[in-house]
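The chain that follows stands alone, in the form predicted on its own, written as structure tokens.
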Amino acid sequence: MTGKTARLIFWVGTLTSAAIFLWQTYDFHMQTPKFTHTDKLNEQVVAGKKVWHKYNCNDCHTILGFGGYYAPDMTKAFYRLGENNIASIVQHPDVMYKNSFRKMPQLGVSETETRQLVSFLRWVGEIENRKWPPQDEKFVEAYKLRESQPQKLDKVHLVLQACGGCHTFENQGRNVGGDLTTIANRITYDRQTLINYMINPQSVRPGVTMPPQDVSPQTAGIIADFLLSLKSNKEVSK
């Protein structure tokens, strides 16, 4: 190979690589508004991001691939937990995690800051990031379908999306509030009372730690039927 040929290969390779890099950079910036939904980036979301940094949430939690791995990934937490569960955990971690191996310090986050943080987590959860983290994708899918097209979800999938942030079923979900099968066999409420309990727990059991769930009466009814069916199956097996 002559020196002229080597220089030609070097310049062609360098300029081609640079052109590809510049094009990908340009395309990334052009696609950012679409994938991050910048039209939804309002003052509440920006304030929530400031809350996230104010309380150093990244020290324990990961979000969009950055942060610690001591506590759960929060990228899709809005879909996994829901607004009210997030709010309750942030404001009352000692109560929510009383019977859990997980521990979270009481940070003194105000009600206003909590709602701002939830807005931020909701915006982050809607970012198109190629279904990361993969373990939460089932929660995202079920959240989007459970109210509009619940018939497309099997009952277990729907129940785990709505309840799996705090409850387990067949070794799936998070064991903060107990296993659904165990809970089902302690239930003494009728179907309507169960629905009321999910939507507004304080109206049925004043002082209970469970927060109101972000579900419609229709979805609450499906969950109530599921829990009552578990109880029936257990009683039959006896």
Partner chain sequence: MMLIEYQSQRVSLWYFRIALVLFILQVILGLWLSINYAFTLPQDLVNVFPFSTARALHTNLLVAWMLLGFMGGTYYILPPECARDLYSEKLAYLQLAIFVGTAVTAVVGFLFGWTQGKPLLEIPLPLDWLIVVAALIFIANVAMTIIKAEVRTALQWMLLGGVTFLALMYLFGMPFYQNLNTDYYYWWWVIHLWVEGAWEVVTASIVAYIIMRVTGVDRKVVEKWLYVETGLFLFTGIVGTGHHYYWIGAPDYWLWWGGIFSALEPLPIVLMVVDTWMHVRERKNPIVNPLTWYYIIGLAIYHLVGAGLWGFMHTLPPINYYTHGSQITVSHGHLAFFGAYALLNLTIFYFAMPRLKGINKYQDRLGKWGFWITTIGMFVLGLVFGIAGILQTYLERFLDIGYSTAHLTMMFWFRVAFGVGLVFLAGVIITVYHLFTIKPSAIPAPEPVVAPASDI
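Heads up, when I say rigid core I mean the largest set of C-alphas that superpose within 1.5 Å between the two forms. Residue numbers count along the first chain shown, from 1. Since the model is a prediction, treat every value here as computed from it, not as a measurement.
Although not depicted, the form predicted in complex with the partner chain is the subject of the following passage.
Proximity to the partner chain in the predicted complex, defined as a heavy atom within 4.5 Å, singles out one entry of 185, 175, 203, 31, which is 31. Checking 163, 142, 124, 117 for any heavy atom within 4.5 Å of the partner chain in the predicted complex turns up a single hit: 124. Contact with the partner chain in the predicted complex, defined as a heavy atom within 4.5 Å, is made by none of 88, 189 and 231. This chain is displayed without the partner chain, yet in the predicted complex the stretch 47-55 from 208-216, 47-55, 175-183, 191-199 comes within 4.5 Å of it by heavy atoms.
None of the heavy atoms of residue 170 is located within 4.5 Å of the partner chain in the predicted complex. For residue 94, a non-hydrogen atom is located within 4.5 Å of the partner chain in the predicted complex, even though that partner is not displayed. With a 4.5 Å cutoff on heavy atoms, residue 135 counts as touching the partner chain in the predicted complex. Among heavy atoms of residue 106, some come within 4.5 Å of the partner chain in the predicted complex.
Using a 4.5 Å cut-off on any heavy atom, the residues of 70-88 that reach the partner chain in the predicted complex are, in sequence order, 70, 71, 72.
For residue 37, the Cα coordinates differ by under 2 angstroms between the shown form and the other one after the core has been superposed. The two forms, fitted on the rigid core, differ between the shown form and the other one by 2 Å or more at the CA of residue 27.
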